Ligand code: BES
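The chain below stands alone, shown as C-alpha cells; this is the form predicted on its own.
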Amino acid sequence: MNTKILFAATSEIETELLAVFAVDASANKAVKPEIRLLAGDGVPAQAARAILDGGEFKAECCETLLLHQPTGLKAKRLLIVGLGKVAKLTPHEVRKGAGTAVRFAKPRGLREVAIAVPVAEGLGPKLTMRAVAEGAVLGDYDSDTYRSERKDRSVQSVQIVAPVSADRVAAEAGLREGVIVGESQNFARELINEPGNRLTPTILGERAAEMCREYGLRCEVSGADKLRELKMGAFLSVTQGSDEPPALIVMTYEPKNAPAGPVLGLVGKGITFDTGGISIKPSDNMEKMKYDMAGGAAMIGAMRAIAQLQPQVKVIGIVCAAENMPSGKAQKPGDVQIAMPAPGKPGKTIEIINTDAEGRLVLADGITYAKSLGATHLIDAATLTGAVAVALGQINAGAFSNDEDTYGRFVEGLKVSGERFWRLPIEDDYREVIKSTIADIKNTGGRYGGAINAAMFLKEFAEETPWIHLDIAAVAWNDDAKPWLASGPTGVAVRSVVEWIRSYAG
C-alpha cells in the first residue's frame, strides 16, 4: 500500500472514495444525536447535511454512510465513518475508523482511498496521523493466502488528507511511525496465519533471519545442539515428540552510541503447531493451533518495528520455536525435566503434569537465556492459556508483572497502542498450587486460576528481574471479522511492546 499525506482542502481531493469521520456531540443518550463531522473544512458536512439531519445515521463507532457524487467535492464517493461519542474519542477510535474505511473499499474494488484526518480537541496531530496510518495498513490485510481463486482487492493507494494549516513535521512523523508499526503488525499476522506444514520451527527461523538482514538486526538461529549445550531441558522436552527440529531465534538491536542503561529482553512462545502432545487436545478447532506461535510472531514484529524506529536502547528478542507432537519419543505426564541453569545456580526441576502446558516450558528457558545475555528488564508474550479467555473473555488480554515501574511504563504505552490488557495478580500465595512433591515445581496447578498459575510458573524464572507476562491467547485470533479488521490473526501485542521499548529510550 502506498500511503502519503496531502495538505489540502477536502474539496480539492480527486479520488474514488473520500472518508471522513463523524462523532455524536450530544450530551447524553436521551437527546437526538448531534452529528459533527471532523474534517478540516466544512464542505463534506454541507454535502451530507440533509441525510445527517434526518437522524438515520447515529455516528456509532464504525457505522458507515455512503454518498455518491457528493455536492461540492471532487471525490466520486463520500464515506462517513462514525467514531462514537465525542466525549469518549481517543486515537484508538480513529485507528478503527481508518481500518473501517479501507475494509469498506476493498470488496467494492476501490483501489484508492483518501482519508481526512479528524480534527478535534484532544486529538494531537502526530498521534492522530499515526492512528489513521496504522488503521489503514491493518485494515488492508486479509488471511485468504492460499485460496486459488483469491481476488486481490488490496487498496493500493491511501491519501491521508490533513488541513493546510496542520503541523507538517508532526504529521510526517506520525505517518512514518504508523506505517512502520502497522506493517510490522501485519508481518506478525502473516507469520501467524501460515499453516504448520508451511511454517515449521526451521522456517520460522529463516523468516526471522531474513527480516533481520533486511532491517539491519543481528540474528542467530540455533537448533537442538545449542539447546543441549545450554542445558535447556525444559525447551528440549517439548521438542521430543516431533520430527521437526526446534529453533532458538535470537535477534539483537543495538543502536550506535546508545547511552548506558537497561537492556530489554523480549521472549516469545513459538510453538508452530500444538497438538497438546501426549495430553492431546480435542480434535475440534485443533487446526487453529497453528496460531500457538503468535507470541513469538509478535516479538519478531516488534523487533522489525524498532529496527526502523531506532530507539536509543538495546533490545534482545528471543523466540523459542518448536512443535508439540505426540509420538513414542514424546515426554509423558509424570516426567521430570531440568530447566536451563541460571549463572551459579542449578536448573530448576519440573514435574510434567500436563504435556499441553508446554508454552511455559519453552518460555522458562527463554527467560533464563535472556537474562544470561544481559537483559535487565523482561517482557514475554504467549498464547499461553485458555483460562485467560474464561477469566477475561475475548476483549482484554491478560497481563502480569512483578515490578510496578516496569508495568507502569507498559500501561502508559497502551494509551498509544490502543490495545487492551487487564492485570491479574501473582501474589506469593498462588505459588502453593505449583509446588511439586517430587520436583521443585510442576507445570500446571489444577483447575482454578489457570492463567495465574502459568504466570506464577514463569515468575520462578524471571526471579527478581523486572518482568511482564502477556497472555494473549484469547485475543490473538479473530473468529469473526470486525468492521476494521479481518478475521484471523490479529498481531496483538506488537504495538504495545513497541511502546514499552520506546519508554526506556526517552
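Position 1 is the first residue in the sequence shown; the rest follow in order. Source: prediction; values computed, not measured.
Beyond what is shown, the protein has a form predicted together with the named molecule; the following relates to that form.
Listed residues 473, 462, 455, 37 were compared with the named molecule in the model of the complex; 473 is the one with a heavy atom within 4.5 Å. The partner is absent here; in the model of the complex, the one residue of 128, 272, 185, 383 having a heavy atom within 4.5 Å of the named molecule is 383.
A residue is said to contact a partner when one of its heavy atoms sits within 4.5 Å of a partner heavy atom; residue 421 fails this definition for the named molecule in the model of the complex, lying far away.
Using a 4.5 angstroms limit between non-hydrogen atoms, residue 360 touches the named molecule in the model of the complex. Within this chain, residue 281 lines the site of the named molecule in the model of the complex, having a heavy atom no more than 4.5 Å away. The named molecule in the model of the complex is not approached by residue 134, whose heavy atoms all lie more than 4.5 angstroms from it. In plain terms, the part of the chain that comes close to the named molecule in the model of the complex, with a heavy atom within 4.5 Å, is 284-292 out of 299-307, 284-292, 108-116, 339-347.
Annotation for 422-451: the only interface residue with the named molecule in the model of the complex is 444 [heavy atom within 4.5 Å].
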